[in-house]
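For reference, the chain that follows is the form predicted on its own, supplied as structure tokens.
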Amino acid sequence: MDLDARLEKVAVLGAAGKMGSGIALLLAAEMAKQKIKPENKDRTYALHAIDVSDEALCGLVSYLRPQITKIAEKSIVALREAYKGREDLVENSDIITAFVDEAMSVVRPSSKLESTAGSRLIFEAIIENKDIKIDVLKKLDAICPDAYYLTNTSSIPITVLDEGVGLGGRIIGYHFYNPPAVQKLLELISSKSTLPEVVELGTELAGRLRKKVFLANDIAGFIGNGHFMRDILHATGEVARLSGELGEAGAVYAMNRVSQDYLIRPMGIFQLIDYVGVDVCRFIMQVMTEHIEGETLEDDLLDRMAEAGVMGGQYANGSQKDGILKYEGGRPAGVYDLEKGGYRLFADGDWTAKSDEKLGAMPEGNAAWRALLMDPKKEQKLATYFGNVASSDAFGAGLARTYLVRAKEIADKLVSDGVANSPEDVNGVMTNGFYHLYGPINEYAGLVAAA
């Protein structure tokens, strides 16, 4: 059975969640594109959007219509061609409305697993918990025994899910990055038992969804989180080392600055932790520790933040919740002080000035991430800047050098351990999924290491 046939009956589990709603959006648009093709006029399409909350499913429907409208507006040239036989569709607005109606007509919201009966492709985006995933997938496989499963797990080995459910290789890791409708990266993870036809189908679908596919091997955390979690541990280790002089909040502030400003990343490491969620990061570390022999990934700072109820994450509208950092207007404005039991705002007192003074002057040639993102001379400017980082005697530059070298060590080990097939795959995931300007395996690390 080919992709076109399987796309007639699709289910998304966790469809009202942050990831599931984006996946449902992409699929609804793709199914609508197939539905309006003349050769598919006799096919019936259904996208079963499954979630535990009826209220959340109502929110999903409200989310989908305006988002599909945006997709239609951007695709108006192709849609005009697709609808050229429809004399009733004259204006662009008519075409857009027709397409949105087609897409919404395939969506079948439900809180009952039984509604998935007959589904041939099942996308799983529920809670990142092995036992819950296995339990739900077992129930589904009894309802949809011929389905292929595409799991959005960000850390759990595919073999564990495959063997736990008894799918016989009908499952593949299909790790979208948040938000799925915007992020171009897709990590595709197959186990030793994953059927070749499932890999082929997943790859073809990723092409239709205009995703950049990077293959990762079936080792917990895969490439993206395999690097990110260890990156976190480096930053929190530095916080512990600096806390005696700067205080813990001051050290968090300093390392967030180093990771964003000195390494020229889109956001600092603690802002990124908040974006993902403190609880999610801790859980991924636990999964990696369980399944990677000889390595324990745990962090005292994250544990204490979680115990204090400091979790981060995002609201339903995508805005950032307060976490390790406090946010005002979407920007970091303070750090949670565990000793104080509340946020210490950047504007309160001179505590950030103490951290800034300790870091010292920024190396010459530093620029904001956004300023370099589309700069045609980006690589030349980065090389010049990191050359200055290498020669600077400022304390902050020293922290940046250590961080840069550690990031490369982590990436090199992902390749040597067989998580990634090549340095290019690691760099590709970090530049496309995390929007870094440069991959962790780079010439700059060697430059600063030799300083």
Partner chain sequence: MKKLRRRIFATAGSNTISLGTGRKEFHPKKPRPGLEHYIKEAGQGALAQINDADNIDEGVIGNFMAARFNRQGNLAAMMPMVDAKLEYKPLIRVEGACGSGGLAISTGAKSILAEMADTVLAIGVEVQNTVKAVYGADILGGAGYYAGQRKNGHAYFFPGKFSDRAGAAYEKYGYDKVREAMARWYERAVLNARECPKAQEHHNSTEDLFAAGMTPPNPKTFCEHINFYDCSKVSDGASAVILASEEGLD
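Numbering follows the first chain given and starts at 1. Nothing here was measured: the structure is a model prediction, and the numbers come from that model.
This next part talks about the form predicted in complex with its partner chain, which is not shown.
Colleague: Is there a heavy atom of Lys377 lying 4.5 Å or less from a heavy atom of its partner chain in the model of the complex?
Modeller: Output for Lys377 is yes: heavy atoms within 4.5 Å of its partner chain.
Colleague: Indicate whether Asp348 is a 4.5 Å heavy atom neighbour of its partner chain in the model of the complex.
Modeller: No, Asp348 is distant from the partner.
Colleague: How about Ile76 - does it come within 4.5 Å of its partner chain in the model of the complex, if we only consider non-hydrogen atoms?
Modeller: Yes - in the model of the complex, heavy atoms of Ile76 and its partner chain come within 4.5 Å of each other.
Colleague: Verify the contact flag for Asn92: yes if a non-hydrogen atom of it lies within 4.5 Å of a non-hydrogen atom of its partner chain in the model of the complex, no if not.
Modeller: Judged by the heavy-atom cut-off of 4.5 Å, Asn92 is in contact with its partner chain in the model of the complex.
Colleague: Could you tell me which one of Lys112, Arg331, Lys192, Lys84 places a heavy atom within 4.5 Å of its partner chain in the model of the complex?
Modeller: Filtering the options by heavy-atom distance leaves Lys84.
Colleague: Within 4.5 Å of its partner chain in the model of the complex, heavy atoms considered, which of Arg80, Arg304, Lys212, Arg120?
Modeller: By the 4.5 Å heavy-atom cutoff, the listed residue in contact is Arg80.
Colleague: To test your reading of this chain, name the stretch in 142-150, 84-92, 311-319, 340-348 whose heavy atoms come within 4.5 Å of its partner chain in the model of the complex.
Modeller: Selected stretch: 84-92.
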